[in-house]
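The chain below stands alone, shown as structure tokens; this is the form predicted on its own.
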Amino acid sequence: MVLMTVRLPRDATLAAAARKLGLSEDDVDAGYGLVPLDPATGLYGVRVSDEAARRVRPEALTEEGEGVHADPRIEPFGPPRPGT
């Protein structure tokens, strides 16, 4: 999976993000949803499969801040310490 950032109007939906990227609603991770990253500028994050990300046309991501980003696994660094 990869994260993509897109600019959309305020109160956008996951379906609107999929349409902007030229993808179907099945291509986007509904469990992750549409995450507002900077509501003042309309920047949202959406998670899509690697295969779907390859199908996104470059002209769909022309505004500043839009693009494809890695989705690294987040986990603790080192073994758990007692009392933490």
Partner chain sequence: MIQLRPEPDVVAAVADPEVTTSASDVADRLPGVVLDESFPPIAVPRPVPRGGDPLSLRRVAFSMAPQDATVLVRGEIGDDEITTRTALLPVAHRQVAGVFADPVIAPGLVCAGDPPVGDWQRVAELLDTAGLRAEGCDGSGVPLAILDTGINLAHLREVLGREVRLDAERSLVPEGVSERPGEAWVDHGTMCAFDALIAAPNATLLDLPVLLSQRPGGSAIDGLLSDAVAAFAHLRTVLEAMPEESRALVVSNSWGSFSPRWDFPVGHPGNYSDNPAHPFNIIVGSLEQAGADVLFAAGNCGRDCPDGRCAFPERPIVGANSHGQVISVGGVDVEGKRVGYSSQGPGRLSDQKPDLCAYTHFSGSQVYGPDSPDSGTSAACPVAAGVVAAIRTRWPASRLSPAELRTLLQRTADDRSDIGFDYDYGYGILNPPAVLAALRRLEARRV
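Because the structure is predicted, anything quoted here is derived from the model rather than measured. Positions refer to the first chain, counted from 1.
Keep in mind that the form predicted together with the partner chain is missing from the display, and what follows is about it.
- The partner chain in the model of the complex is not approached by residue 8, whose heavy atoms all lie more than 4.5 angstroms from it.
- For residue 42, no non-hydrogen atom is located within 4.5 Å of the partner chain in the model of the complex, even though that partner is not displayed.
- Residue contact with the partner chain in the model of the complex: residue 61 places no heavy atom within 4.5 Å of it.
- Although the partner is absent here, residue 19 sits far enough away that none of its heavy atoms falls within 4.5 Å of the partner chain in the model of the complex.
- In the model of the complex, the residues of 64-83 lying within 4.5 Å of the partner chain by at least one heavy atom are, in order, 68, 69, 70, 71, 72, 73, 74, 75, 76, 77, 78, 79, 80, 81, 82, 83.
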